[in-house]
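Presented below, as structure tokens, is a lone chain in the form predicted on its own.
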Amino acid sequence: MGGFPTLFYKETLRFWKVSFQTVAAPVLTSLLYLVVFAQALADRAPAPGGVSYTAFLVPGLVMMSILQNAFANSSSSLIQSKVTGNMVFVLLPPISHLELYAAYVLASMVRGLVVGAGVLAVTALFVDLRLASPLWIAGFALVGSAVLGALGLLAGIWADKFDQIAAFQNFVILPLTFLSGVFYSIHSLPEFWQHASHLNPFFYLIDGFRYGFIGASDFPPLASLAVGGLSFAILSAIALALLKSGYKLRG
């Protein structure tokens, strides 16, 4: 195989070899969220679209899993290679910066989508879900996983040690996903926090993804998709520029 397919295969195999940790564990975590929050908020949190709270919650949990795991795949791979010193074996072959970018991001998308499919399959056993628009579901799943795959690549390039990746995940990714409307509709918030939620790019990805299931959203889905696409374009441009320059990759 050539450079791109080999690196893509390596990155995909890397997470699949430890699928109990990288796939099964996030699925179990999402199932626990469903059990706990469905019991705690089922009668308190209003759900738009005339659906039950659990039917509202599941798409948010699926998308949250896609985003978090797409980020984790590319960021952990790069920092692991940098810390262990085997990044040189990725840079030595004649692989262009575009191929490097595509392999890491596509592998991250695969992991995010596999975990998301697992979460959906397990939670669907407990919730009566409907599919209002499968195309919107697929579109937001692809865009969301791509955005976080590119962001994870940037975090991996920037970080010099595992602690920095952990800090990025705990202080940026985790708050943005939890405060993006996964567990609630932003219309249930005070006006100030509704406006603040629109500053969170993850909100648009989760809200648009949920629209594909329940046919209702807090923001127009086409506009949400445009925000996701623009975010991906910006992150990709930065990542490609850094990969081309070898920033923090070539000692």
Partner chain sequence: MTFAIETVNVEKRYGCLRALDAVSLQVRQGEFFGLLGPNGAGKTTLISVVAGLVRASAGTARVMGADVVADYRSARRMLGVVPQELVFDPFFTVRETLRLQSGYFGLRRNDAWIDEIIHHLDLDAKAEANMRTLSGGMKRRVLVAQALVHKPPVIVLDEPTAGVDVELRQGLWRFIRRLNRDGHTIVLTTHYLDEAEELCDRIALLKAGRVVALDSTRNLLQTFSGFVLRLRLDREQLPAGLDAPVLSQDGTSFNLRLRDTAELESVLHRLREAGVGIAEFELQPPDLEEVFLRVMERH
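Numbering follows the first chain given and starts at 1. Remember, predicted model here, so these are calculated numbers, not experimental data.
The same protein also exists as the form predicted together with the partner chain; that form is not shown, yet it is the one meant from here on.
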Evaluate residue 131 for contact with the partner chain in the predicted complex, applying a 4.5 angstroms cut-off between non-hydrogen atoms, and reply yes or no.
-> no
Going by a heavy atom distance of 4.5 Å, is residue 233 a contact of the partner chain in the predicted complex?
-> no
Exercise: residue 89 in contact with the partner chain in the predicted complex, heavy atom 4.5 Å | yes
Given that the partner is absent here, does residue 117 sit within 4.5 Å of the partner chain in the predicted complex, heavy atoms only?
-> no
Residue among 95, 142, 122, 166 with a heavy atom within 4.5 Å of the partner chain in the predicted complex | 95
Where does the partner chain sit in the predicted complex: which of 169-177, 76-84, 153-161, 106-114, heavy atoms within 4.5 Å?
-> 76-84
Within 11-37, which residues have a heavy atom closer than or equal to 4.5 Å from the partner chain in the predicted complex?
-> 13, 14, 17, 18
